Structure formats: C-alpha cells, structure tokens
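Next up: a single chain in structure tokens, the form predicted alone.
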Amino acid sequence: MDIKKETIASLHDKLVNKEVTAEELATDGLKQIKANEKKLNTFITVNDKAPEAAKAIDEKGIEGPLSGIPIAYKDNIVTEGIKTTAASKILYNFMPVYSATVLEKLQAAGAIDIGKTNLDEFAMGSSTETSYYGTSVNPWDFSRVPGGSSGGSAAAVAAGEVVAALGTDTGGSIRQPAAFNGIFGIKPTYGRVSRWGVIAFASSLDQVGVMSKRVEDSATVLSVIAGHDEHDSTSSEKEVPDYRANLSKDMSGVKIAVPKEFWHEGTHPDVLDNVNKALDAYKKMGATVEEVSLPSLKHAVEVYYILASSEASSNLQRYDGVRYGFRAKDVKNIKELFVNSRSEGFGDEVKRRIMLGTFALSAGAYDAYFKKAAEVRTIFIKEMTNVLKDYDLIMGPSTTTPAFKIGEKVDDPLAMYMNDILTIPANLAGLPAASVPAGLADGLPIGLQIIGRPFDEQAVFNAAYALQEENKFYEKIPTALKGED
C-alpha cells in the first residue's frame, strides 16, 4: 500500500473498516523501505519482526488512533532487542536490554516499530554526513543532504516510507531537516517528553520530537509520548492536552514577534522571500506581526557549542570499550584499551566536540568559557521570556539556506555549525519550536520556524496548521521521487 498521501487518521479509518490490516501495512512498509534504501539510505536497521507485532494488533483489534500504525525511530532511541547504534562504530553491535519511554508509550498505544533511522553520529551534525553508516540523501534532490542530525527520519517521512517518525533536537536537529525535506517537525518544551532511553548528547538541551508531512499527525503522536516519567527527573508533571483535538486555524488576535536578528546577513534571498510571504499570510488571517530584537542572539552559536560540547564530553566518557560496544584489538594494557577503542570507535566530528568540551571544562578554561557561556545563556533565556510576555509566538526562517550539496560543507566545521544559528535559540531557552513548510526555492523546500511559550505546544501546532491549510504543501511530491512509482 502506498502511504505517500495517507495520514494517521486516514490509515486508522482503513484499519477500522478492514480495508487494510496492520500486518499488511507493516509488510508493505518494509518492502518500500528496502526498495528505497540503495538510493535514500534513510534506515540503519529495519525491524523485520514488525509484521509479527502488527498481526498481534490485528488479532487484538484496532483501538486508538495509533493502533497498527508503523512509526520510525531515530537510532539514538534505544529499542529492546533491536540494534541501536547512534550511527557510531563504537556502538555498532549494541543490543539494548530495555526500551526508551517514548517507545514504550507508543507500543502501548499500538504503534508498530518499523525500524531505526540514520543520523549524524551521536546526533552531532547537520547533514547525516558524520554517520558511520553513510549519508542519507534528500528526496527532493539526491545530490543534497537531508539535514541533520535527524536526517534519516526526515527523509523517510518526506519519501512516504512512514507517516511519522521520532527524532531528537539538541540545537535544531528536528527543525532543520524538516525544513530541508519539506515536512513538519516539532521540538517540544524541554521536559515535555521523557529522555529516558535516549542516548545522551547534551542533557540540558536534548529533546525528543516528532516529524510528519501533516501537522495533525505530529499532534497525535506528541499527545501520546508526552508526559511525566518517573525515570526522568527533568520530565514535567504538567497535564498533556489532546493536541490533535484542539487544533485550530484561527489566528485572529495572535501576536507574532519577528526578531530582526533572524534576518541573518547570510540568509538566502529565496528563504527570506518565502518566509515573508508566510508572515503576510498570517496578517491576512488576522494576526499581528511586529519586529523585535534579541541582542544576545549573536552569541547563540558560540554559547551552544561550548555548552553542548562540554556536556557531550561528559556523557561520552562511558564509551570505553569495556562494558559494551566496540573494543580495540591487540591492546597491551588498560590505557591502550581505552585510548584505542575511543580513537577507532568515534568519528572525527565526535572527537572534535569531545576535545572542545574537555578543554572548556578544564581548570584553566572553565571560568573563561563554560561559566561565561552559561551566564550568557541565562541572559538569552530572559530576553526570549520577555518577548513572549508580550507576544504569543516568535517566527522567522528555520534555516539560512535550502538544503546544500552533499560534501559542500563537511570539511568546514565552522560553516556546518552556522547551519544551526536560527534553531539554537529555542534549545538554549527550552522552548517549544517547529518548522513548517513555507514554499519552494529552485525546487527545494523552505521552512518557517515557529517558537512558542513554555509548554504551549498547542499554539505552535495551531499556527503551523493554519499555514499548512493555506499552502497545502503536503500535496507536493519530492522532485527526485516523481515518476519513480
């Protein structure tokens, strides 16, 4: 069954009316994924037991909206009995003995785990080019990156392999690939979704989110995975609304702030043009759009990479070749085991960030770098909070450019880091943020970023839904896939 034009709701109706079975959906999904893999490389591992799990759902009976629906998971979300690699050689053989809370919640809702998607190694990157398993490609143009680090999830959704996929977002890793692939992607408020079972990159920034072609599908999934988890002390006890049931296109009276700093000097003219058209559409819907200033935004990239790399250097200490994962051969002592296992197991970008973070945390550099970055982060949070006292939403481009060519920036770390300049602010402030398609530039998708108040994902969903129903971008078929069916 071709699901390119299906939604979770339409598939649910077909399952309830017995027009298709969950087992057929899972079987057909696996066939399509395997047929696409040579050209897309969106998955690291496919779950060949998915049809068996789906058959059990058929026998039990279709119940909730996700019952029998195949969903993909970024391969830094641990899955019991299914290899989880974080796209790294150092975890090439890691078989988890438990599942992440988000997976358990989706399985309890009847969703089917169809497989694990490709990503930048340990979620460190903006293109999937740092993956040990090779680069995924963009379904709109096979010569271009799908973004990152959740590039595999984004490309799988855009290509119609799944209706929804989970990703993680530390500095834009859901929103940037969503923008590059012409789909919707949301990073919820920090603490809205449990991080238990998510392989850590930067613990104060990481957040699990959802990617889908349609806003309503992400709303359905987020309502299931959100909520307090006793395993994660940072997860919030705030009540989780039914985002899907509360969706509204009404933008009357909504106040939108547009930071002038988001109009970055390096932003592609076609990006600005599409974003301005989207903002004009909101004005016609009855929203107020006004320019504001976030002066500290100019420091966001530096602050982020100091803090994120520092946390990464701490989190990745556990990979030593002793307990699990890759172990170097022909070592003479314990020191060689540690050094060789990490040197051979980690890729260049991960090593770069470990070294940067270790330096920032060192006795001679802590005050000048880590402490200073943490202080600037606090200032930035106050600036964002003050803007959101007077406005309902903050909007601007999701990225400065459309998807770039594979290999174009991989050898220039600074150029790659600048890809995150517009998405980092929401992570530093812990705010809910999404990217929704705003248009095309030379056949490549452009995304509009929407940032909301803490735990007001509903306002973000509603604004994205209003634009989605205005431009109906979900009807477009990725250029490189046209005629392949």
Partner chain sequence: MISKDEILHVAALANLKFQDDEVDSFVNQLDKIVNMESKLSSVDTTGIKPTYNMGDTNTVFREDKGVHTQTREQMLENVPEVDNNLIKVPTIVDKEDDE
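Keep in mind the model is a prediction, meaning the values are calculated, not measured. Residue numbers count along the first chain shown, from 1.
One more form of this protein, predicted together with the partner chain, exists but is not displayed; see below.
- The three residues Tyr98, Phe346 and Lys372 all sit with a heavy atom within 4.5 Å of the partner chain in the model of the complex.
- When contacts are judged by a 4.5 Å heavy atom cut-off, Tyr190 counts as touching the partner chain in the model of the complex.
- Mapping the unseen interface onto this chain, Ser252 falls outside it, with no heavy atom inside 4.5 Å of the partner chain in the model of the complex.
- The shortest heavy atom separation between Ser204 and the partner chain in the model of the complex is within 4.5 Å.
- Within this chain, Asp411 lines the site of the partner chain in the model of the complex, having a heavy atom no more than 4.5 Å away.
- Of the stretches 129-137, 286-294, 378-386, 241-249, only 378-386 has residues with a heavy atom within 4.5 Å of the partner chain in the model of the complex.
- With the partner omitted here, the residue from Lys105, Arg144, Arg214, Arg342 that has a non-hydrogen atom within 4.5 angstroms of the partner chain in the model of the complex is Arg342.
- Think of it this way: in the model of the complex, the partner chain has a heavy atom of just one of Ile256, Leu356, Ala200, Leu272 within 4.5 Å, and the residue is Leu356.
- Contacts of stretch 35-71 with the partner chain in the model of the complex, defined by any heavy atom lying within 4.5 Å, are made by none of its residues.
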